[in-house]
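Just one chain follows, in the form predicted alone, and it is written as structure tokens.
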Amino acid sequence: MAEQRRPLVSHIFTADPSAHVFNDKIYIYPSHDIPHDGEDNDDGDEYRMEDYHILSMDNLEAECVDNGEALHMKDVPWVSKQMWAPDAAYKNGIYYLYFPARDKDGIFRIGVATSDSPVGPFKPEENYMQGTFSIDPAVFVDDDGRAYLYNGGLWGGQLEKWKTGKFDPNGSENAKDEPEVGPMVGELAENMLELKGSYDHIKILDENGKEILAGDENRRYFEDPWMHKYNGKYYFSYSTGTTHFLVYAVGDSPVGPFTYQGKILEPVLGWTTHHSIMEYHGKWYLFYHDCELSKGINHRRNVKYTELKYREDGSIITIEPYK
């Protein structure tokens, strides 16, 4: 199969792709970048996404189709702005779309919408998922049918403002010699619409079993969680943010702890890097974005994919995106 390292669509700007296989067809759930002339900042105010367009392909050689608007923020009662990176899941005969957005107080929450079709339209719940905060939801349904929500992002994603369990507008990252502020995980209830129980920070460990430190920017968690299972092990992958790597850690439980293993993807053109991993017909693929179409404008991104390969010991071979 040919390597697909060109933008999947070019008529709109898409980013943050969450890729899934439903009924042997590939569906990509990206965010939708809206072009504007505003400036970039560390709070992510340049990312003004308002809706979701779901992409699909009959197979990896087929044309990528934009299935139109599946959900708009005007249809979600609790949202004020910025519907950022989403994910989707299928269970109970229903397709679920999980998305972050700012509530009326400007606090990021996780919402959920449902449909009987993988491309929508999706009907949102009246309120966000109680107890959730921050951005970048990723949902993993394990072999036993239990489902888990992963999420969290620093800076504009507000994760560091929840260290005490309550929102602190002045909250900051931990000191560089302290453990990082880890991402969140919570098991979902059977209805997939709410948390079943606890909602906890994930621990990511170094080779000595110690928590990754906040100052270890080559390995620390910043945003963009993803979970996949390979040969019975749980692979938790994420973006390091400031150093622009996609990296991964491995564990024996879907809620961690996970031990850091290495890089998945070297930096791409643009500040953000965001991904998902899926299996299709016995091979694995990395979906990601860069700013090729806009020649580097951070809030005008485009989705791509490439094959992901493992060594015999289960380690992932690092991908260099432009070689």
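Bear in mind that the values here come from a model prediction, so they are computed numbers and not experimental data. Residue numbers here begin at 1 and follow the sequence given.
Only in words, not in the display: the form predicted in complex with a small molecule, which the text now covers.
- Among the residues M49, I28, L265, A70, the one placing a heavy atom within 4.5 Å of the small molecule in the predicted complex is M49.
- W84 belongs to the set of residues with a heavy atom inside 4.5 Å of the small molecule in the predicted complex.
- Contact annotation for E223: at least one heavy atom lies within 4.5 Å of the small molecule in the predicted complex.
- Of the heavy atoms in S56, none are within 4.5 Å of the small molecule in the predicted complex.
- Contact between T259 and the small molecule in the predicted complex is not found at the 4.5 Å heavy atom cutoff.
- Partner contacts here mean any heavy atom within 4.5 Å of the small molecule in the predicted complex, and among 266-274, 251-259, 280-288, 62-70 they occur only in 266-274.
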